[in-house]
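Take a look at this one chain, the form predicted on its own, written out in structure tokens.
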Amino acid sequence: MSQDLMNTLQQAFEQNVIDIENYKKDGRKAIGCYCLYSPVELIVAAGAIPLPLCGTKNDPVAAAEEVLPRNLCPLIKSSYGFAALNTCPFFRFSDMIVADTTCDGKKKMFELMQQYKKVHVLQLPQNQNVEKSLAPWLDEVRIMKEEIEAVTGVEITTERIDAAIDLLNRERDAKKAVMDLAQIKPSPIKGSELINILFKVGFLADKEKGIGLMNTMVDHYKALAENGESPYTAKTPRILISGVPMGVGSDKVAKILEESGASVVGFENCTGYKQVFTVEKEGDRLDVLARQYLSIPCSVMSPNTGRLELLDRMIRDFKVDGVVDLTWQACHTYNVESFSVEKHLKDAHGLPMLHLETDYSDSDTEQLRVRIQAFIEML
């Protein structure tokens, strides 16, 4: 039955490309996003299709390296390579790109991407001090709203924002319910399955379809757990992956962990639990959105205490035995922050951490496997 559900998800993912083409023919706009800091509610409120665009595959990296430095984050190179090669249908569908200054590499890459597509860059504050950073960030959100209105020809009213908030809160609740399945011990779902579900659902233009699929999966896996069915035992080491975003194509660490006998029970990153939040409908809606999105605990923020607080909650709720902190090569903010994360895990929880720095290629797979197997054996 699990495979049947995965097949249904894959069919929906493939049909989605045709759906978006039909929506575009009917005059509906699509807007691509590269980061969790983009308030998606504004895109949905304008009747546009939000599309996540971060590159998660190694295939386009070589093309990107014709322009970008080789010693650059693979996520940045993959994202740019897809644009340069025009091989990503979702980039091609996008009438506009919303980008964020979450690192210097991305910021400069987006300047080059302008030659392929209209790119609106959100100038993100570098700290979450509301008194200092909220006002300029609110201006950025307001400008983004105006840009979306200009592209779509739709006025984004409070009523439209409220409807979008309701829809996206339900979608985030469904994603959280899927991820929370792994709180069960032993987990009825693999981490690699979680990645596949979250990745593919994120692209669906029909969000109601995505919510329905996720709710069906939650019911299915809960039934498995109630029947005592799991790919793991109660003694299987439970691993939390922290750090940079992951997706289909950049999930080799999760796969090696599972192949080495571990249960990956959670992802503390922006493609995982960082996207779990609820937007309230109160006061000025742009102010509410600005405050909520500013609070996302990315390593670009200094200090980034919110990440440690999120780790504390996940370690408790998911009954974690060890943490693997993943950094993409040349991602300096996450690389430096790994020291603070490891110290916090040791001091606050007595938990071991394995820090891995890698890229999207398979060249270091066996080296990673040796280190991961040694870490699992230690647990």
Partner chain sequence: MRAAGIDIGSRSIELVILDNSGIIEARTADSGFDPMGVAGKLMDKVAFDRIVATGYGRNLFEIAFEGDTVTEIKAHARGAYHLFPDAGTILDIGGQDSKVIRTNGAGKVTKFEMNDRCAAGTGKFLEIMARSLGFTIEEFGGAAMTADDELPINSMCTVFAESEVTSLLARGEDRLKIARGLHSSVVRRAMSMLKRVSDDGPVVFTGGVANNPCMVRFLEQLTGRDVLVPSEPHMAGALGAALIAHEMMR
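Since we're looking at a predicted model, the values are computed, not measured. Residue numbers count along the first chain shown, from 1.
One more form of this protein, predicted in complex with the partner chain, exists but is not displayed; see below.
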Review point. For residue 46, is any heavy atom within 4.5 Å of the partner chain in the model of the complex, or not?
Key: no
**Study point:** Contact label in the model of the complex: residue 5 to the partner chain, heavy atom within 4.5 Å
**Key:** no
Point to revise | residue 354, heavy atom within 4.5 angstroms of the partner chain in the model of the complex | key: yes
Point to revise | 4.5 Å heavy atom contact, residue 14 to the partner chain in the model of the complex | key: no
Revision key, fill the gap. Among 65, 59, 312, 342, just one has a heavy atom within 4.5 Å of the partner chain in the model of the complex, namely 342
Check your understanding: Can all three of 329, 364 and 378 be found with a heavy atom no more than 4.5 Å from the partner chain in the model of the complex?
Key -> yes
